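The chain below stands alone and is given in structure tokens; this is the form predicted alone.
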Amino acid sequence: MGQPRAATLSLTTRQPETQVPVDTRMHIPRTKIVAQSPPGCIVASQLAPHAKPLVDFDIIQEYIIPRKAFFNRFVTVNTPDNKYSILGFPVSIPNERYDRNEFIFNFGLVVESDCDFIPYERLVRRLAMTFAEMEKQGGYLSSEAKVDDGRRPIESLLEIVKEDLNNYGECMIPVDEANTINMKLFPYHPPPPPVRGWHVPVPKMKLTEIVDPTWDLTLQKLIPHIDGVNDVRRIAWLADVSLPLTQTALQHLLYYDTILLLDMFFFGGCYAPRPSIHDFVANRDGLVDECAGYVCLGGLGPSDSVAASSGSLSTGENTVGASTNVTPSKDVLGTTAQIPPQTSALAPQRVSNYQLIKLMTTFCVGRSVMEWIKLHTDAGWPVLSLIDVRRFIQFGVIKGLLYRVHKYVVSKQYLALLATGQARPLRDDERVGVRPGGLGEDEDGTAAGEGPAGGRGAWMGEDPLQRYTDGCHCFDQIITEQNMTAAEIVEKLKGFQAPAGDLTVFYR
């Protein structure tokens, strides 16, 4: 998402009093726009008589200079049509030298309502507090129209601040001999999602080229193994780093938008199209052409190996690069597939747009990748010889064209044990402690299959798969934590001493 732009910047003050011609001679404070940039954006101005205001100031003025309870607080006001938002920080400076013994002002920043306000909050606070200190020192704001000391006018200052922030994201403006406005817009990154052991990090840039010795030692050990194929647990094992440290380090990379998290690729996995598949069919923004450059292989003979293309995948501002190292990956059938580097003597063979669209639109729920390959191979189109299947599916997932359909298992009796308190669900910290191929122990030293009182589901005994049968843990998690293939998990489930029809495997 691009950086939001400030539409206008204005200074609002409350005038000391207004005479009302009634018998009681009531004195009412009046809110007034002192300066605005550009002219006429908030109220009519002689500098821009034909400018149309962005907001109706008469409606929102009571919220621009609000009640005292909102002074010295960050305030956001939306216009009635919800098109713009005014970000402000109303300030009150009590002093006997002012009429009514206080001076009230607010610097308002007008932005579009659908943009992210968080980067601007510190900026508005800094602007208000800077001018509050300048007002306390020498009456900079209250004496603007009374003293001509050669300083920069407020309206000119606001114009420079707005233009610099919109164009450069920062500003450094000297106000007078003693004061300078220094502000910078820092982009806001939301907290990253949790990194699980069965996730696969995919780099969006060449991390090995930007890493330097000052980086965190854990990151330096992990980056060589982040190739878009290895899952988080395998990366931790290859780098000889504990899993919690690996997850924390990858969260830092995720926070700065340098990696993506995808699911593990298996030929037994299932994928289904999203509504945005229509953009791929229409080749909107050259999507099919980009896909061809990313997934097409060289023209190989029957005896040649499957070669991975050396293309890159664009995701907005960054690029997802795939590793060219030979990487063995164990699929659900127990076989090992290797993806060797691209042979330089072979140019990529371009697959037609029609064929790529046909391949992408034939994924569906209930059809595994292996069945999808067999479907097209039986139709006379050698999928494995012309495209890199893993990269083809990866392209669809990254672009939002496909989504992974996960497989879960649920046991009615185990759900009954959870409901009656005879068993407890698997916690995150317990998942980290499970040893591949072993039962593992909880923090209190009990076996992973035991309940809070030491009781177990007798129909499953001490099987570590018991606590994955609550319908909340996908097969990817079981594969990673128990070091088993999907076929082995299914065979293990068939051996449970459970009543007929108790176990159900479902997809979602």
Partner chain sequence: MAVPVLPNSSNFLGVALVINRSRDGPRFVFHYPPHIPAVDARPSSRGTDSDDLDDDDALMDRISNPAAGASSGSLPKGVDLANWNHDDHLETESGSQIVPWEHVGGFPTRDLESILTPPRAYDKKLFSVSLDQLCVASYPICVPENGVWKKKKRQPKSRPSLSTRAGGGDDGIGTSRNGDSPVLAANIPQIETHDMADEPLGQEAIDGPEDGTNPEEKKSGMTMFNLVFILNPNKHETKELVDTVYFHIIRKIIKAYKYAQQRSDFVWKESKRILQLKDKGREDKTRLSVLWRQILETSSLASSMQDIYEAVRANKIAALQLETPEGTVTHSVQIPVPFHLPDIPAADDVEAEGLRGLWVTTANNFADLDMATIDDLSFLDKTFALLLLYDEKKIISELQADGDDATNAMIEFVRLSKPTTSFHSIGQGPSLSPAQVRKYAQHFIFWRRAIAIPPLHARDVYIMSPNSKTSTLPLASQTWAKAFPLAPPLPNFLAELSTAPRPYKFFAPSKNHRPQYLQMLAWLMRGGWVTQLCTFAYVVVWPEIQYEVDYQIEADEIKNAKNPSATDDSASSPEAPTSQGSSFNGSDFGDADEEADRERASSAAQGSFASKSRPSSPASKADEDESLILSPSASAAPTDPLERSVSSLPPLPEARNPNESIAEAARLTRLADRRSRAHAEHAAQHARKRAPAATDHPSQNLEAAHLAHLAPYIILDAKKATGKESMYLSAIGRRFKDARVRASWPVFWKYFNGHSALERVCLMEDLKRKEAWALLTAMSEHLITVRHW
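Numbering follows the first chain given and starts at 1. The model shown is predicted, which means the values in this text are computed figures rather than measured ones.
This protein has a second form, the form predicted together with the partner chain, left out of what is shown; the following refers to that one.
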{"item": "In the predicted complex, segment of 213-221, 159-167, 232-240, 125-133 with a heavy atom within 4.5 Å of the partner chain", "value": "125-133"}
{"item": "Option touching the partner chain, based on a heavy atom within 4.5 Å in the predicted complex, out of I60, I33, I479, L465", "value": "I60"}
{"item": "Proximity to the partner chain in the predicted complex, single hit among N78, S143, T208, S385 (heavy atom within 4.5 Å)", "value": "N78"}
{"item": "Heavy atom of P193 within 4.5 Å of the partner chain in the predicted complex", "value": "yes"}
{"item": "Partner contact for D114 in the predicted complex: the partner chain, 4.5 angstroms, heavy atom", "value": "yes"}
{"item": "4.5 Å heavy atom contact, N82 and the partner chain in the predicted complex", "value": "yes"}
{"item": "Contact label in the predicted complex: R67 to the partner chain, heavy atom within 4.5 Å", "value": "yes"}
{"item": "Stretch 279-293: residues contacting the partner chain in the predicted complex, 4.5 Å heavy atom cut-off", "value": "V281, A282"}
